[in-house]
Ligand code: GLC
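Take a look at this one chain, the form predicted alone, written out in structure tokens.
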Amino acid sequence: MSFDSISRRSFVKFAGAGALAAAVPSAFPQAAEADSTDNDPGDFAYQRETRARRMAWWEYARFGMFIHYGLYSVIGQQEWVMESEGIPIPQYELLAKHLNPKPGFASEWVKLAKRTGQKYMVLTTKHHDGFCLFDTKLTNYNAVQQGPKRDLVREYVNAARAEGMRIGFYYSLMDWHNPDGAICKTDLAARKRFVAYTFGLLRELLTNYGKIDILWYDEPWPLTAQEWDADAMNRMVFTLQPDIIVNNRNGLPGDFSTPEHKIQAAKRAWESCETMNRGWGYQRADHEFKTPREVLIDLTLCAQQGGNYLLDIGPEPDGTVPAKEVSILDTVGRWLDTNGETVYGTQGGASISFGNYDNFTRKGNMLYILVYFWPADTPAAQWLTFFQKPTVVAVGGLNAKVLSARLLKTGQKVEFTQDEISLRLTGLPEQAPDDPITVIACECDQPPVVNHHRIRPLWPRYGVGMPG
């Protein structure tokens, strides 16, 4: 992952309902990036022709677990520590003798992902430091020949497969340990060796572990796609794993884009990857964790825009997931047990607008109103009948007619009124019925879209100070 990317907070501070609106410039999804592959020469027919079939499960899943685990976990100062602190390679190599995850570590990861409601997992099989968590015949810098004396990737694969979890491999093209890893840019003989080494490691990964669902490339430095022979790389990958999907970080478009530390919709499949605190790998002194509400806001923002959310954990040296991360993910999982239909299988485009306290996802003709901050007990109810007691949730600019509405958690019917300008859901309780987000499910007469701007020309223009 990028060392320069600083983890952003989903919203600036949760100071109340106004925080959402105050955070708009930095928090909400940016306009769709110019990342369509419609006419991209790097998007080859052999990928396009099978993409819909290969991607169908992934586009339904919406939510995955990223796992950064490796030698850097022993230090506990994030995954770029070897380069960011300038640790000499012979010193860093000593860590390989001390990485020794406990028995069953991978099973704990998989069971946590399932409780959380995540549908797939992506593990760092080799990060930038060059250490391989898998058995390889191409280098002795691997978990089988060093400290663990075990194939950690195989343990992960076996655990995921036993629970029916989709399996992803992260693989960093950049390599700080291999002598050819930096000089290959200008030394053609080194480049030939390093590219062959990379192809060889990928071939082992995609041959020795059965069916793999995702290949998640990272950091192509220092070579271009052409210098990597990235087309041949992907052709090899699809020959070995015909049903796999690949991302866009080997210099080619791949099947999906990967915005990092931001939610940025694209004109194609995309997945936002994010940390729970500020580091991807374990960082023992970093306690700036997102709240469950922040995680769910990010997840539902991705779903609203038609993207996926890949949320990272950074296990401790023995493979234990930090207790705070487990607590956050368990809360997220309990919420998804009740409200999962607001995320899984949803289509993008539910809204091109945002409320001060809510957001929207959709599936077919269903509109899900996700109320982040419950708008109860406003003093304005003394003067404005619009805000009927005890609570009103109002949505301006809905294109569809609502046929029925209910609280998703309890199934309780919700009364409403609607005109061309506003949908008003009334008679709601003063306390939020669910935590950390309450969902109101509305059945509509057509696929719903919320566009606040649509109502501007519809408002009657009159009032104080207007000429008589």
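The shown structure was predicted, so the numbers you read here are calculated from the model rather than taken from an experiment. Sequential numbering from 1, following the sequence displayed.
One more form of this protein, predicted together with the ligand, exists but is not displayed; see below.
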The ligand contact at Lys290 in the predicted complex, heavy atom, 4.5 Å: no
Distance check, Lys409 to the ligand in the predicted complex, heavy atom within 4.5 Å: no
Contact label in the predicted complex: Tyr141 to the ligand, heavy atom within 4.5 Å: no
Val153: touches the ligand in the predicted complex, heavy atom cutoff 4.5 angstroms: no
Contact stretch among 63-71, 399-407, 430-438, 415-423 - heavy atom within 4.5 Å of the ligand in the predicted complex: 63-71
The unique member of Tyr209, Phe373, Trp80, Tyr171 whose heavy atoms fall within 4.5 Å of the ligand in the predicted complex: Trp80
Contact residue in the predicted complex, from Glu204, Asp286, Asp218, Glu294 (heavy atom within 4.5 Å of the ligand): Asp218
Interface residues of 110-129 toward the ligand, as seen in the predicted complex [heavy atoms, 4.5 Å]: His127, His128
